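The chain that follows stands alone, in the form predicted on its own, written as structure tokens.
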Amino acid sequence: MTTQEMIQAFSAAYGHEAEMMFFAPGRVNLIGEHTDYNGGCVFPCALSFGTWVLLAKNDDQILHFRSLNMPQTYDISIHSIAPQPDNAWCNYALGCIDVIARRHPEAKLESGYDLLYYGNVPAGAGLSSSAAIEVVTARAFTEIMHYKPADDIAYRTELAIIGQLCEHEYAGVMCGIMDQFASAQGKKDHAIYLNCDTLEFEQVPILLNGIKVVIANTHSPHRLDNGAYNERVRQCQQAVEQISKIRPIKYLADLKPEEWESVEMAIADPVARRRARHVVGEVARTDAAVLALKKGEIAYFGELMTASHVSLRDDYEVTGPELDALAEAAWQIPGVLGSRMTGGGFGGCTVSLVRDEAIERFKSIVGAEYERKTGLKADFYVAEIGDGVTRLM
């Protein structure tokens, strides 16, 4: 859908023209999975698809939520903003407005607004459609509510924090900040090397020279529900508490791989021990992968991606048969340097590094093998790495 078609859809929905339009991207994480809430680094990039919101002020003190992707509509007074029942999609927007008001008391919402959302992030793909809604809403309403610091980097970081708090408080998912940060701070043809504890980051150029980032969508719903995600957060916290009795740490990311053997048996629960082993290894793999990319060692970067998937499959147990089928088929294709699940897991997408001349073969063979194993058809996208949230009009 073009922006002009969105503008026309807004007029059809509300009977008047939109006054503002904003866009925030989805993201793909190249490596560094389930490290963000454990104090480790991640390496995501913003994508060219994401979520748009069109807005216009109204006179009725009501926030009118409409979406071109979902049939549910919501009409909520600006004086009674609170989580809506039944996992309402508008919670990803409402929560941001609420968080802005609480974090910045000087920021006031003084009138109602008509809102229309449209997203082209594949549904259920684990490419952060929720973060895109949060960040695009935070960008719009910080401007509407007259909050914006002078420093653009600090402002974009604040947008990410607003989105993360919305996810915690209005969606009940105790996520790290990676998804929102990538959507806010993304830069065309760069990935973000982000320390999720300190929020220090580096924009690293993606110079792959004849190699493309290819995303494969399982079309198996992204099923890492709130309970499964939060359970892994708790298991990691449990591991930190028990390790700290013999080696004080704040996060699992504080441990180096060479220290693991000396502390692992402090974790009484073998499941929590496996979770912690993944995190310690994944933090080290992410650091090594970024260094490899900077040095032009793309083949090694790919090997680390594959090792990441194996760890997520065996130790963190968040892959599932669909993601495993895609990754394992990809590993057999000449010209594929590495392939791994990306996102929370249990469905969603894989991300692969594929040489240009192998892309069509990759799609054909991996797609056929995936359908043979699962009965499902995969979709493939050659990723374009884009900018973070922006105002379009």
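Just count from 1 along the sequence shown to find any residue number. Just so it is clear, the model here is predicted, and its values are computed rather than measured.
Missing here is the form predicted together with a small molecule; even so, the following discussion is about that form.
Self-check item: Proximity to the small molecule in the predicted complex (heavy atom, within 4.5 Å), stretch among 347-355, 36-44, 56-64, 329-337
Solution: One stretch meets the cut-off, namely 36-44.
Quiz prompt | Ile211, heavy atom within 4.5 angstroms of the small molecule in the predicted complex | solution = No, Ile211 is distant from the partner.
Quiz item: Does the small molecule come within 4.5 Å of any heavy atom of Met178 in the predicted complex?
Solution: Yes, Met178 sits close enough to the small molecule in the predicted complex that at least one of its heavy atoms falls within 4.5 Å.
Exercise. May I ask you to state whether Gly343 is within 4.5 Å of the small molecule in the predicted complex, using heavy atom distances?
Key: Gly343: yes, in contact with the small molecule in the predicted complex.
Quiz item: How about Tyr118: is it within 4.5 Å of the small molecule in the predicted complex, going by heavy atoms?
Solution: No.
Self-check item: Triple contact flag Tyr193, Gly302 and His309 to the small molecule in the predicted complex, non-hydrogen atom at 4.5 angstroms
Solution: Verified in the predicted complex; spot residues all out of contact, no.
Practice problem: Just give me the single entry in Phe201, Tyr229, Tyr74, Tyr147 that has a non-hydrogen atom within 4.5 angstroms of the small molecule in the predicted complex. | Solution: That would be Tyr229.
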